[in-house]
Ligand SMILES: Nc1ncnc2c1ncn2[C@@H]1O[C@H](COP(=O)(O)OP(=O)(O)OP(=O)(O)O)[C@@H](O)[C@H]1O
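Presented below, as structure tokens, is a lone chain in the form predicted on its own.
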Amino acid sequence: MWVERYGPKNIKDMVGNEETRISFLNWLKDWKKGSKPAILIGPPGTGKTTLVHLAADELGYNLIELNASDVRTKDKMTQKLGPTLSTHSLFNGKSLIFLDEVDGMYYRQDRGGIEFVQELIDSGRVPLVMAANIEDDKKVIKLIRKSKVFRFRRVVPRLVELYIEDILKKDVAKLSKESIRLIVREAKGDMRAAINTAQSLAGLSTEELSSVVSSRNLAYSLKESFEAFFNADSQEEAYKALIASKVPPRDKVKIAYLSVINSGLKGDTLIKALEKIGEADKIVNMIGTTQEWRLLRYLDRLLAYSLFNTLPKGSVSYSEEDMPWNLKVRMWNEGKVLKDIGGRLSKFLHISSREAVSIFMPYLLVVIGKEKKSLERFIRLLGLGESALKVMVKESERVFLKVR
């Protein structure tokens, strides 16, 4: 992708927020044991994560990075950072801990994500850098009080325009001045969004380019894009809705999957929809492996056309939930048993217990079959008892009822 191929290779190549970049670099140069951590705050696509990576490389730091919105709890953070924190090499060498998207961490509910970060802050043994998109969140406010704050602003339009023009020259790609300015205006200072949009538009035919550039749909959020897609009247309308969103292709595949599994679709319709999404996911993975980034231009069309023909209009709504509501209710009612089952499955599948229950267990049940004896053997294999068997029998009945 262009954001990876043409991203800045050193801090001097970065665009915008020059004073903030210099201040942060000086903070890292002057860091001493016991110094305050740094927190970088600003809108997405303004260079926060890029700056941390480039600064660590320039000053010879070993970067230890976690996305705090993915690893939100104290247990998960301890699991990821514990082995590193327990070694002398971390404290004797030059290592830098970077927690991205700290505004996505859990705060209460005994999850302890913020509390773990505060322990890191209080220790002051290694440089700690955090990044957040917003600062009016109570979690971020608490961290700001103990940190040195570096604020990032949206990149000014003229700098975004020059950067896009330079990328187009390097890639031997073409866009009209009008198209470039529309991209810049709609990106609203988000450099990453501008680059992703430019890459998408550069792969279109003249007719497609004219259609998209003349439309305000270019500014669609991911939610707006998929709501329009699920309610489209034609394949072409569905395609235009998808291409209007400027997010990376992998995010589109993920939202398509989450929306479908939370939709209540049943039987062949659900299976066919998941098959089409799976095909798109394979293509994204293949492109990442082969580095054939130009093939991404076909992904929106493939996903739009194949999935559109599978889904009845209006049958699916946008969803970011990683677990269907009816399964959440059952997990509340049968929480301990399902947690035990998920925990045992996760060891076999090398995934989280949540993923084991919400994603893989239904497929396993289809493979195992609905005969009680087969389920009993499976439960014994997991080392669980009668209560787990009762739950698995119920889940099996639900799964086979859906597939009919």
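Only the largest set of C-alpha atoms that superpose within 1.5 Å between the two forms is called the rigid core. Since the model is a prediction, treat every value here as computed from it, not as a measurement. Note that residue numbering begins at 1 and tracks the sequence as displayed.
The form predicted together with this ligand is left out here; the points below concern that form.
Asks: Is this ligand in the model of the complex close enough to V3, V15 and P44 that every residue in that trio has a heavy atom within 4.5 angstroms of it?
Replies: The answer is yes: all three residues contact the partner (heavy atom, 4.5 Å cut-off).
Asks: Tell me which stretch of 25-33, 370-378, 45-53, 336-344 has a heavy atom within 4.5 angstroms of this ligand in the model of the complex.
Replies: Correct option: 45-53.
Asks: Which listed residue (A256, V316, I195, L99) meets the criterion of a heavy atom within 4.5 Å of this ligand in the model of the complex?
Replies: Partner contact (heavy atom, 4.5 Å) among the options: I195.
Asks: This ligand isn't shown here, but in the model of the complex which of S95, S200, N133, S147 has a heavy atom within 4.5 Å of it?
Replies: Looking at S95, S200, N133, S147 one by one, just N133 meets the 4.5 Å heavy-atom criterion.
Asks: Might F226 be said to contact this ligand in the model of the complex, defining contact as any heavy atom within 4.5 Å?
Replies: F226: no, not in contact with this ligand in the model of the complex.
Asks: Does this ligand get within 4.5 angstroms of any non-hydrogen atom of A187 in the model of the complex?
Replies: Although this ligand is absent here, A187 would stay clear of it in the model of the complex, with no heavy atoms inside 4.5 Å.
Asks: Can you tell me whether Y163 touches this ligand? I mean in the model of the complex, with a 4.5 angstroms heavy atom cut-off.
Replies: Answer yes; at least one heavy atom of Y163 falls within 4.5 Å of this ligand in the model of the complex.
Asks: Check whether M191 has any heavy atom within 4.5 Å of a heavy atom of this ligand in the model of the complex, and answer yes or no.
Replies: Looking in the model of the complex, residue contacts with this ligand include M191, since a heavy atom lies within 4.5 Å.
Asks: Does R192 shift between this form and the one not shown by 2 angstroms or more at the C-alpha, the core having been superposed?
Replies: For R192, whose C-alpha is compared between this form and the one not shown after core superposition, the shift is less than 2 Å.
Asks: Would E161 count as moving between this form and the one not shown, using a Cα shift of 2 angstroms or more after superposing the core as the test?
Replies: Comparing forms between this form and the one not shown, the E161 CA shifts below 2 Å.
Asks: Would you say whether F150 is displaced between this form and the one not shown, judging by a C-alpha shift of 2 Å or more on the superposed rigid core?
Replies: No, the C-alpha position differs by under 2 Å between this form and the one not shown.
Asks: So the CA-CA distance for R192 and K240 moves by at least 3 angstroms in the model of the complex. Closer or farther than here?
Replies: They are closer; the C-alpha distance drops by 3 Å or more in the model of the complex.
Asks: Work out the direction of the Cα-Cα change for E236 and R192 in the model of the complex: closer or farther than in this form? It's 3 angstroms or more.
Replies: Note: Cα gap between E236 and R192 shrinks in the model of the complex.
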